[in-house]
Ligand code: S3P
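Single chain ahead, by itself, as structure tokens, in the form predicted alone.
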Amino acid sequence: MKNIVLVGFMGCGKSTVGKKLAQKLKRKFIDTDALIEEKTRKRIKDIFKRIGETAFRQAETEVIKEIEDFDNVVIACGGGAVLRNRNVKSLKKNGIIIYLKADPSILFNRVKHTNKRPLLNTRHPEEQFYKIFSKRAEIYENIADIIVEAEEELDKVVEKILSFQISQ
């Protein structure tokens, strides 16, 4: 069975939705950010801080390449995984890409009080957030096989995904 690949901007719920979806479908759940942390033995924010975004993106590409031949799993990708065409190609090889879409103001409210978002560790995090969002939103739309509104509670978002009958 094809993988279910969740993409979207920070705060859209990829990991939370992915875990619940995997549980419902009795599939293994893979979080690419967690795999990167496991592989590098460093937290994402420390990778960004110590060796930079370019090194992080390379580690992300390596992890995605490693899992491209997996089957029947639910994968939550980091928000920027789609910035590299080779990552998208790897994810599409055996996966259905679902974009968890939400209004940027809702997403910003979900992430503004956390220090786990290295791209927002700037003097003007809100400005940075909207700048990044505007660059990525079209990419998510263009690569998605399915777009799911992700502004509601967890169970409703999972039910929307299940309604597409992608698990057969």
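Residue numbers run from 1 along the displayed sequence. Bear in mind that the values here come from a model prediction, so they are computed numbers and not experimental data.
One more form of this protein, predicted together with ligand S3P, exists but is not displayed; see below.
J.: Can you check whether G78 is within 4.5 Å of ligand S3P in the model of the complex, heavy atom basis?
T.: Answer yes; at least one heavy atom of G78 falls within 4.5 Å of ligand S3P in the model of the complex.
J.: I'd like to check something about A144: if you look in the model of the complex, is any of its heavy atoms closer than or equal to 4.5 Å to a heavy atom of ligand S3P?
T.: A144 lies outside the contact set for ligand S3P.
J.: Taking any heavy atom pair closer than or equal to 4.5 Å as contact, tell me whether K42 reaches ligand S3P in the model of the complex.
T.: No, K42 stays farther than 4.5 Å from ligand S3P in the model of the complex.
J.: In the model of the complex, does A22 have a heavy atom within 4.5 Å of ligand S3P?
T.: Answer no; every heavy atom of A22 is more than 4.5 Å from ligand S3P in the model of the complex.
J.: Looking at ligand S3P in the model of the complex, do all three of R27, E68 and K92 come within 4.5 Å of it through at least one heavy atom?
T.: Checking in the model of the complex: none of R27, E68 and K92 is within 4.5 Å of ligand S3P.
J.: Sort through L35, A102, A59, L119 and report the residue having a heavy atom within 4.5 Å of ligand S3P in the model of the complex.
T.: Contact check passes for L119.
J.: With ligand S3P taken in the model of the complex, which residues across 120-159 come within 4.5 angstroms through any non-hydrogen atom?
T.: Result: R136 alone.
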